[in-house]
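Presented as structure tokens, the chain that follows is alone, the form predicted alone.
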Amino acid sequence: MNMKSVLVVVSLLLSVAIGLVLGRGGVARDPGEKRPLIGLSLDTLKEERWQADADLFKKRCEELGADVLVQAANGDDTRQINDVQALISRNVDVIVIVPHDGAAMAKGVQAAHEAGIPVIAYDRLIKNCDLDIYLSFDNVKVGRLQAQWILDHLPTPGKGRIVLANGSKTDNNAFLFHQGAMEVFQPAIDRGEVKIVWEDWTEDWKLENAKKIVNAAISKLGPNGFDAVLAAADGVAAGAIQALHEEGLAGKVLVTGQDAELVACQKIVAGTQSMTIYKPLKKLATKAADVAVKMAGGNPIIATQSVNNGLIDVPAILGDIFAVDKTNLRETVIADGFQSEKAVYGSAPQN
């Protein structure tokens, strides 16, 4: 183990030790209490992606002998802060947070720490606070893979006009996806081979807001004004595809995605969505549950990576990701059991 890893482990042990000394909610703990209690605060449970994460996380915690309290804020920052306060009042051992707004949730981390409770940021980073640990995927790589797929599959490979339908500005990951995409696009832009012809951010990741972005691009540029839409996630892609369908362009313009949602995989088979990013959620949710239960028991956590959140270098565990299209759906999403062959292909051709 290198020195950085040692420091990370020491930092996490100190954080957990504080919680054990103070007990749940800052009061002495009953020595007879054995079963850990984990709080899970979610931005939303309205999307397939987050329903899957919550179910996987809860199942793994229960396998490890822990109970889970789940709260969902439905995209409301004030409600999510109140959810965290409610979890604190329930004397949880650890709080795992998927923030709606990574900056606003710093208040939630502070409140938890004042009660002696460590906090795990799950998938989305919480900014400008002394966060205990961050579990996610390599989100810059998400953007890189999306952009590279577009460059490789343009009608004239490496040359074309791109619409960027970015994620929500309240989600730090959206900026990381954009960063990764521009790392790939910028050299081609500098050579005059690629042009970003339209760009906007999808408020709250909502399908209808993504549709408005692509509708605006079509109105401004015309139906033949762009070759691809880099949509930051599958929900954004769905909105983009709706707009393209209305103009008879669905399947004629490249559209990226992320999360390998069932509908997105079906659209890839149908040809209206070009690709998605598969993130092995089972591995991430399982790892997060393992970490949460270990932290609740005062056991050491090893995190060999770190991500700066504006205040500190947060210890991080980052999973790998995969670009998925028609050529490798079976070898990735289906082989891992993330989606079933029957659900994805249905009556579609099997080759």
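Note that the structure is a prediction, hence the values are computed from the model and not measured. Numbering starts at 1 and runs along the sequence shown.
Missing here is the form predicted in complex with a small molecule; even so, the following discussion is about that form.
None of Asp93, Asp132, Asp83, Asp171 but one reaches within 4.5 angstroms of the small molecule in the predicted bound form through a heavy atom, and that residue is Asp171. Proximity to the small molecule in the predicted bound form, defined as a heavy atom within 4.5 Å, singles out one entry of Ala233, Ala210, Val255, Ala264, which is Ala233. This chain is displayed without the small molecule, yet in the predicted bound form the stretch 171-179 from 113-121, 266-274, 184-192, 171-179 comes within 4.5 Å of it by heavy atoms. Residue contact check for Arg49: one or more of its heavy atoms lie within 4.5 Å of the small molecule in the predicted bound form. Contact between Asp138 and the small molecule in the predicted bound form is not found at the 4.5 Å heavy atom cutoff. In the predicted bound form, none of the heavy atoms of Asp227 sits within 4.5 Å of a heavy atom of the small molecule. Within this chain, Asp101 is remote from the site of the small molecule in the predicted bound form, having no heavy atom within 4.5 Å.
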